[in-house]
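Before any questions on how it binds or moves, here is one chain, the form predicted on its own, in structure tokens.
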């Protein structure tokens, strides 16, 4: 873990799912496929770095709005 990640808020799959408006299992599939990075707690639960999640959300939002211009 780099110094930039120390103290960073970690999100649960449910919290990430709420941001993307998808099911938590979808978030888990994204992590398994390598689409979004995750870490495991000592108990084996997935957690997601808030900064990475927000970056991905911004990228996807930008991609989605690019095609929304006048035709």
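Just so we're clear, the structure is a prediction, and the values are computed from it rather than from any experiment. Positions refer to the first chain, counted from 1.
As for the form predicted in complex with the DNA, it is not shown, yet the points below apply to it.
- The closest non-hydrogen atom of residue 22 lies within 4.5 Å of the DNA in the model of the complex.
- Remark: residue 55 does not count among the residues lining the DNA in the model of the complex, judged by a heavy atom distance of 4.5 Å or less.
- Taking the partner from the other structure, the DNA in the model of the complex has a heavy atom within 4.5 Å of a heavy atom of residue 12.
- When the DNA is considered in the model of the complex, residue 34 lies well away from it, no heavy atom lying within 4.5 Å.
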